[in-house]
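The data below hold one chain only, encoded as structure tokens and taken in the form predicted on its own.
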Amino acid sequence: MTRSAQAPSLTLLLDTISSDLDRVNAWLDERYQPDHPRLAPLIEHVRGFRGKQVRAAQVMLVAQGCGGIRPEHTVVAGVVEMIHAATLVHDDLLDGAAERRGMDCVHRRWDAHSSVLLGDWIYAQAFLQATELSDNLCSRELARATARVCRGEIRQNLSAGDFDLDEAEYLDQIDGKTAALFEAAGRLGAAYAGADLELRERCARHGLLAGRAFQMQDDLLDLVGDEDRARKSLGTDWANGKMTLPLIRLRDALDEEQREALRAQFGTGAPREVLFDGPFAEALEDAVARSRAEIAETLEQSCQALEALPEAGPRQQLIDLTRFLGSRTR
């Protein structure tokens, strides 16, 4: 149930902004400094979670497309990445995940209390840095986005075990927990490049739809991805009773008897492999194909929002990066 096609090289896609991303990483290294030696091992561990940094890349490419990268963009991209890192620490605990990027999750290496408090520390450091910009646009926008992230996570947590969750509620949840940060990154990347309000909102819409597709792809990989490629625990949504797009498509394709059989195993901790063979296998193949088509369509809608970007080169790079989100295997 895995895809054999190789994803395009992210390094190649981001070649023109590699020095800008290097500055973001240097900025992050300076901010991930513990104020007590006992905190040092946890922070060093989280530094190893840095992955694709697509949100930072989004900020920089939007900035290029709107007229140019400015010093403020390094701070914006860094703060966005810190907020994302904090959500990962908390998400891994909530999902009961064991591994991320080939490393133990924080709550597995230490404990749940340390995981919660470390995530809170990263949030606090991120917002402290945002307040040091010359205006309050970044701190205000990211505060709103973070509130939406938390609200989305709360709604998802409260709906755990809800086998009958509908698609509208699922989309609302992921637009909060994931897409809100992409949306804010797009708006801020444009704003600090001097874009007008209309262009800012186009970039924000691109981010919202790209983030929605990113989470839909993440949910698909959680169900049918390869753990060795993903380098993190998979199958946690199914095991924990979180209804996602491919599971919605699978549920809705089954007859009543099969649907009740699926309901009986949903959220019981059963491994995802029970879906791969037997009565659910054929419907799952169709559900996965439909989900991939919907992800591709969402990404194309996201790319359409970029037509207003005045700079052609960065616009095409951002389109290529957006489409990459639907082909990734981790």
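None of the values given here were measured: they were computed from a predicted structure. Numbering starts at 1 and runs along the sequence shown.
Same protein, other form: the form predicted in complex with a further copy of the same chain, not shown, and the subject of what follows.
Residue contact with a further copy of the same chain in the predicted complex: Glu132 places a heavy atom within 4.5 Å of it. None of the heavy atoms of Leu197 is located within 4.5 Å of a further copy of the same chain in the predicted complex. A residue is said to contact a partner when one of its heavy atoms sits within 4.5 Å of a partner heavy atom; His90 meets this definition for a further copy of the same chain in the predicted complex. Put simply, Glu72 is far from a further copy of the same chain in the predicted complex: not one heavy atom of it is within 4.5 Å. Remark: of stretches 146-154, 180-188, 242-250, 214-222, the one touching a further copy of the same chain in the predicted complex is 146-154 (heavy atom within 4.5 Å). In terms of contact with a further copy of the same chain in the predicted complex, the residue from Glu167, Glu227, Glu99, Asp162 that brings a heavy atom within 4.5 Å is Asp162. A heavy atom within 4.5 Å of a further copy of the same chain in the predicted complex is found for one listed residue only; from Leu94, Leu234, Ala85, Leu254, this is Leu94. For the partner-free chain shown, Leu118, Asp120, Trp121, Tyr123, Ala124, Gln125, Phe127, Leu128, Thr131, Glu132, Leu133 of 118-135 come within 4.5 angstroms of a further copy of the same chain in the predicted complex, judged by any non-hydrogen atom.
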